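The chain below stands alone, shown as structure tokens; this is the form predicted alone.
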């Protein structure tokens, strides 16, 4: 297929979650891989559910993730507008085609009448199908009533889904459905088919929940004489227990929350791409370019993929390690502790280089670096909770710290000299590194972990190190 054109068509009805982004990522990858176009379309016809600012949030999230679109809001394009409420006349033109062919009718029924039909079907132990109650002589449609599609032929449909394989559904899946609502706006079922045709979309990739509606779409494609695009449905992202679709009650967050918590955009893309997809190897960490090169729909699994936030955080640490120190420094600009406010960039980069390998998220930075810039708050419970240090009595702690202070005062305090000094201290005190070095580390940082002790002391500096040891001994 030439001229690949894929799309992401979110509704601005709330925050953008991981499932939304996966539905954007896969078509973006296919477009990039094939030198095609990725189209962004805002589907805002459900006016009752619109959330103010949601459209801007969608654009901001996609920009942060680097999922750049070729056509759409802010970019324009020859098939615009790319916001559905600005395309009313286009939908009316296509609706008129169906009316002219006798395949659309004004729905004259009230809500109460429809409810009576449902009850009647139930009493007859039949499934309720709107087409069974189709009016014989419907009024001329003037826009004040809903416009319904009249299914032209009740038959079985079979189609191929690149992810789910060959699928089919019988007549029970076909029914008359609303095309244009009484407010003059189209339904999703109608609008997306018109838009995809007008915008020459070649691939429609969305969630598994759209499979039951696909026969209706195929019937409408036929009625409009449109060749359907490739229709692919992605398996659900499952809750951590693997028993149900991921939802808010399972701790699902917006993508913006993960951004605030220090997850990298590269990590989010890698994580979502690998949920239900792999390239056939043991590789887990993929760069953006590797994903573009290796991704294919036929390697997306059919079963749901469990959401594992621990894996996301582990993966984020791996991606942080791949960054150059200058790149990482730019990304952590808003994550430094308040104590680093007056520190110069050279000193901050030196500290960042020390902690880079231990960062799991950018939001770990304050905890891991605050003690480099300011006197840490003493937390004796950290000694009490340490299995080995808790066995030392007070006098032994004082002895070890006093000996360390006296010895360190004689060191040149560069990393190499400090390592020799620390090794000598092990011989002098007769202690194990796990005890002596842990005690010194806590005394100068009161942090749950830190980089190599010699580099930590060198960065804190001789004056501050000796001062902190003195205060703790006192």
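Positions refer to the first chain, counted from 1. Everything numeric in this text was worked out from a predicted model, so none of it was measured.
Omitted from view is the form predicted together with ligand GLU, to which the following refers.
K.L.:
Only one of 128, 133, 160, 210 has a non-hydrogen atom within 4.5 angstroms of ligand GLU in the predicted complex; which is it?
P.N.:
Looking at the other structure, the residue within range turns out to be 210.
K.L.:
Note which of 117, 188, 329, 314 lies within 4.5 Å of ligand GLU in the predicted complex, where distance is taken over heavy atoms; exactly one does.
P.N.:
Contact check passes for 188.
K.L.:
Going by a heavy atom distance of 4.5 Å, is residue 9 a contact of ligand GLU in the predicted complex?
P.N.:
Close contact exists here: in the predicted complex, residue 9 approaches ligand GLU to within 4.5 Å, heavy atoms only.
K.L.:
Residue 206: heavy atom within 4.5 Å of ligand GLU in the predicted complex?
P.N.:
Heavy-atom contact with ligand GLU at 4.5 Å: present for residue 206.
K.L.:
Within 4.5 Å of ligand GLU in the predicted complex, which residues of 37 to 73 have a heavy atom? Give them in sequence order, or say none.
P.N.:
Heavy-atom contacts to ligand GLU in the predicted complex: only 43.
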